[in-house]
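As structure tokens, the next two blocks hold two forms of the same chain, structure 1 and structure 2.
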Structure 1
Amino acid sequence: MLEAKNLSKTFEGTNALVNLNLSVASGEIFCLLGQNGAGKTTTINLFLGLIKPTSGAALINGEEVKPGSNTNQWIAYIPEVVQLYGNLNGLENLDFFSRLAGYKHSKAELSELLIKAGLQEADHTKKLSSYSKGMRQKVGIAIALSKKAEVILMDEPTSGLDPMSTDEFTSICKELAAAGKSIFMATHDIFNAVNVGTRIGIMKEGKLVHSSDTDNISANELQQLYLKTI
């Protein structure tokens, strides 16, 4: 479970995030929409513990994110561009990062994770420097899966992915949510947000100005709402 309580962040007098209150329960996919600079990445960075909140608290499973806390053990993160080690192949990168998190998987398990993330078996042992952005993204998903994290934070994960890969990605997210994970995704992709999310939020100038379920809203309606809101 992921929670923000009056979470605020100011950068040199500029409000990047203002009193954010939200929670993403187990099995939920929360998609946060907003323009560039709206505060989506700041929110993710606060949950990752990469920056210090000006006020309020970011909580993971009830524990406040702060230096020395163990909240990272419950988190997996998929950035917009997954940066990995170019001189290791996909399988080795996955094994390396999962070992770094304290998980030892067999080669078969690692292969399975990569296949689950959508990476074809023939590509597993290719050098990462030959991978496309989409392929790297899939390794990033496999890394997140390998950690067996309860909370997954995603920052524009489908940006630059082809429609097929985006579709595969959506399926994986749904599977993860069905398995009880809490997913928080910052995105510009309104169609994908409606498709994958269980809830959506719209952020403007650091404030969460709209939050609702996706059950009764179509992509077109959401687009209208988004354009009206921002």
Structure 2
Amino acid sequence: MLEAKNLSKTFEGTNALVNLNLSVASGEIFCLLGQNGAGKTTTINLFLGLIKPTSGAALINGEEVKPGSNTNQWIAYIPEVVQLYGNLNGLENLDFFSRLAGYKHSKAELSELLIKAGLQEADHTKKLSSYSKGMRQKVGIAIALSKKAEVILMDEPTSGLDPMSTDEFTSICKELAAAGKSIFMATHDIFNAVNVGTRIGIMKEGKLVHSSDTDNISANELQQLYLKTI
């Protein structure tokens, strides 16, 4: 569903991404680790089509991401801080962003999507201004589900979450993957990456310097490898 082929990006002579090659199939969760400035967010922005590659290609469902392509129909993006309207409640936010994506759902369908994303029904009619970060992310996941996204891109989704919220978020991601969704997650959270991911990559100075299945590495081993790498 998601693929990078010799994907590179240069900003004013500085290499932000260098010949990235990776693929994420349906049902996989790829966690990309790296320090700030390693190229993680640049990679996400290239898949979103927010910036153009200097060379190579980013592909979604086999189609290259470029002006005029239809790749946005396949993807959803959950940033570190999900930007929603604080004066609207959960249902209203979901309805608004679903309509922006061209989907119209009944109130019952919207409620079902929020429940599927892990948000308790009692919170559906509360103003977003009262939501925690974890609750906001659940609305973000519901938005991804509402537009039937097959690929979900996430940037530091567990940053600032307490352990219980992180565990809930991990469970939701695993459920999405079990349903065939492809998840690409940029993160600093080594231990959660091992817990949630099916594959892990480590990026340094714009290059993917390590990639492995999570079945083949423990959190402690990954931490030691990460510290040596950076």
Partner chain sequence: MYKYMFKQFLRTNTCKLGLFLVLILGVISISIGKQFLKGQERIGSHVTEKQLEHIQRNVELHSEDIGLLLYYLKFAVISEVSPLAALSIGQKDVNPSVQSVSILTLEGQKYDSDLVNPTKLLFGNLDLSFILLYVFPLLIIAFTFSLKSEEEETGTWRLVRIMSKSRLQFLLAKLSVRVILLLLAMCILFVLAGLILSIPFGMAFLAFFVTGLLYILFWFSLSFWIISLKRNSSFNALALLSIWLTLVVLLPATINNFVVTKYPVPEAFTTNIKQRDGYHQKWDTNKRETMEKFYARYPQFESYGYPPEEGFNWLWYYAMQYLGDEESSKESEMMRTKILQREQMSRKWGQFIPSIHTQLAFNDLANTSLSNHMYYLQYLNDFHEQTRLYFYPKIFSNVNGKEVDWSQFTPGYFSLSSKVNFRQIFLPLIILILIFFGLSLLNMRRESRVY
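The structure presented is a predicted model; accordingly, all values stated were derived computationally and were not measured. Please note that residue numbering is based on structure 1, beginning with 1 at the start of its sequence. In this text, the rigid core denotes the largest set of C-alpha atoms whose superposition between the two forms falls within 1.5 Å.
Each structure shows the same chain on its own, and structure 2 is the form predicted alone. If you overlay the core, the Cα of Met135 moves by 2.3 Å between structures 1 and 2.
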